[in-house]
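Before any questions on binding or motion, here is one chain by itself as structure tokens, the form predicted alone.
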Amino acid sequence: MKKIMIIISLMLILCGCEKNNLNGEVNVLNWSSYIPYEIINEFEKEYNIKVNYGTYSSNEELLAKISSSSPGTYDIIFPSDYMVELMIQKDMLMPIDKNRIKNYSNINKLFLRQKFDPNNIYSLPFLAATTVIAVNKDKVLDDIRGYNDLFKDKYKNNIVLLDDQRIVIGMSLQANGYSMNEVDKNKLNSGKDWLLKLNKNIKAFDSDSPKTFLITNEVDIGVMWNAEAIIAKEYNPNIEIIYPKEGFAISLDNYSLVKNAKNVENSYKFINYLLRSDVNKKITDEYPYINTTYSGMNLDYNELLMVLNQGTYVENIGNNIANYDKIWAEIK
């Protein structure tokens, strides 16, 4: 009996030591399908740091989660361009100490010093995405080149759109020849009417995995992020990926630290890890968004310049967002 008690005591001590040897944790909130779990697991093994990983499907959902959480709940988040600016205005972010980002030089300068955070005080680029039209050419023989080609009756209930009001309403504005960041009410109403007309052809709104609708042949056309379209094309090589002629959105998602983050040191370790050459290449090998590092560059340089020159960033429109909210409620 005495030997058994000694063995149990040793087991408890060993368990306690293993737990105490953990170098803390880091609380990450990121987009769905953005970092492979393999990368998270490898970070945990290499640094012995527990990653508490949560996801969201839109910038608005991110804002709601941060707004409703108690201080210190999250450490690292990945807001898009306009959301960075809005969170700065709301005093929700912590300045980034670039001296602690040892892999800072790996960031492609083309993605730095953007309008929403011109000195990159509160954000550093992580991945970029563009909106594209993906068309299953096995089923759709028409030559689709833009948003205004999606109205034909034969496309009824045959299109998936992103579940993102800024992107979808922005698409309708671009289709009417306006800026996707338009705030004029008359122009917004033109966009709303355009979407109401398109509604009969929309089967679903999905930002988590719109590619699935194409892969399973539930729809033949999708307006989605470029990586989703690329993955769908891997399943069906006859899927054509089109940059819409009326214009397209470019979204730059960023590393940001939440104000009052509890695990700042581990946050910097995590960011540096993701900026490592071998790691960031793995990320975009699995989720082929636009890599923002020199080592992981996955677009031809000329195509990258085209995207950056012709794409439009979603901008913070302040209180005018209420008009977008009203339109979105009518569309969905």
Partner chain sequence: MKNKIFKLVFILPIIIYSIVLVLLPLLYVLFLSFLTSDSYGGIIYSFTFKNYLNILEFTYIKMFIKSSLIAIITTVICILISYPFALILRTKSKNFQNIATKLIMIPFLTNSLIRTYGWIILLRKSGVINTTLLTLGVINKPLSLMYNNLGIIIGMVYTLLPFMLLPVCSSVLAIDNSLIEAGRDLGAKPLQIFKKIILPQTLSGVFNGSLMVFIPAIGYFFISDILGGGKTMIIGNLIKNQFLSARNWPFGSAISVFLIIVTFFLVKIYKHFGGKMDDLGGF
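Since the model is a prediction, treat every value here as computed from it, not as a measurement. Residue numbers count along the first chain shown, from 1.
Same protein, other form: the form predicted together with its partner chain, not shown, and the subject of what follows.
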| item | value |
| --- | --- |
| Contact flag, Ile39 vs its partner chain in the model of the complex, heavy atom cut 4.5 Å | no |
| Heavy atom of Tyr255 within 4.5 Å of its partner chain in the model of the complex | no |
| Any non-hydrogen atom of Lys203 within 4.5 angstroms of its partner chain in the model of the complex | yes |
| Partner proximity in the model of the complex: Ser67 to its partner chain, non-hydrogen atom cutoff 4.5 Å | yes |
| Location of its partner chain contact in the model of the complex, chosen stretch of 86-94, 117-125, 169-177, 241-249 [non-hydrogen atom, 4.5 Å] | 86-94 |
| Proximity to its partner chain in the model of the complex, single hit among Phe78, Phe213, Tyr155, Tyr147 (heavy atom within 4.5 Å) | Phe213 |
| Sequence-ordered residues of 289-328 touching its partner chain in the model of the complex, heavy atom within 4.5 Å | Asn316, Gly318, Asn319, Asp325, Lys326, Trp328 |
